[in-house]
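Starting off, we have a lone chain in the form predicted on its own, written out as structure tokens.
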Amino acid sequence: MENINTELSDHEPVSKGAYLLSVVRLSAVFIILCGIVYPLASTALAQVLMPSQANGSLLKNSEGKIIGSELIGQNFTNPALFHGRVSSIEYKAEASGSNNYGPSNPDMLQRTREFIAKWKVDNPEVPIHELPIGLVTNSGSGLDPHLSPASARVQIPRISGLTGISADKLEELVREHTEGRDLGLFGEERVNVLKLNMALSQLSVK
């Protein structure tokens, strides 16, 4: 025991400067690994394995011009196109979120009345009782790019009358763009509104 104590006492105490240098070195290593190497490696892997998703799932028209992302809805106002869900943020991606109104909230009730009144004007062929609830309600993010197939089909009479495209052809278009449940189990059938309108535009120019 005496020899051990003697050996320990022979070691010089570590200076504060040495401790500080160790901390600086360790910090530099983690900054390089976590701040440079990891982001670069993640970006490289994403570009190799899933380039479309890594770059925002952008969609381009026939001229190669970017017209939007398949992950973010758009505020389509042209009556000859399919319209998406109500968005209290006008589909502004930097302001994701909704008002989370309850069913008795006066602002939501007023908005719903205004939407229904406009619907009657734009879609006189479709009775109000056939209007899907998804068209008058906001999604949680306010950015939902999808509609239910029923919400797309109920707009067919208006679009057919304005474009001259037959209702049967538009029904077929909706079916072709209907996506099934994830893994056959999760979520609901849905239609991407931007993709549907891109296909509709191609039909209109033929």
Partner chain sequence: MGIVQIVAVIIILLLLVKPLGTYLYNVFSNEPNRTDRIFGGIERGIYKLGGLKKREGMSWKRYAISFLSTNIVLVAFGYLILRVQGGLPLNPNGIGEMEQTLTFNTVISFMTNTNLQHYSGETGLSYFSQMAVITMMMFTSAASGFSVAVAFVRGITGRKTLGNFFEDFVKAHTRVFIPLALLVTLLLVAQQVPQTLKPTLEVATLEGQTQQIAIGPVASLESIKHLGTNGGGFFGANSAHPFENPSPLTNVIEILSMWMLPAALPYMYGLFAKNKRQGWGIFTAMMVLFLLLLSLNFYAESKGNPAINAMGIDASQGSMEGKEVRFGIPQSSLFTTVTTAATTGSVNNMHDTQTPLGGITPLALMMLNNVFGGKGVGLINMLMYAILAVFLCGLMVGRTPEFLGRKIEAREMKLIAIAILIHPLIILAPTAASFLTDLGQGAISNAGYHGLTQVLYEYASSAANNGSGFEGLADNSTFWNMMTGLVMLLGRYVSMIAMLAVAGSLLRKQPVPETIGTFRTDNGLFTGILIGTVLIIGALTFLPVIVLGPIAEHLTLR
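Residue numbers count along the first chain shown, from 1. All values derive from a computational prediction rather than experimental measurement.
Separately, the form predicted together with its partner chain exists; it is not shown, and the next lines address it.
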Proximity of Leu147 to its partner chain in the predicted complex, heavy atoms at 4.5 Å: yes
Its partner chain contact at Glu130 in the predicted complex, heavy atom, 4.5 Å: yes
Partner contact for Arg113 in the predicted complex: its partner chain, 4.5 angstroms, heavy atom: yes
Any non-hydrogen atom of Leu170 within 4.5 angstroms of its partner chain in the predicted complex: no
Any residue of 36-75 that, in the predicted complex, places a heavy atom within 4.5 Å of its partner chain: Ile36, Tyr38, Pro39, Leu40, Ser42, Thr43, Leu45, Ala46, Gln47, Met50, Gln53, Ala54, Asn55, Gly56, Ser57, Leu58, Lys65, Ile66, Ile67, Gly68, Ser69, Glu70, Leu71, Ile72, Gly73, Gln74, Asn75
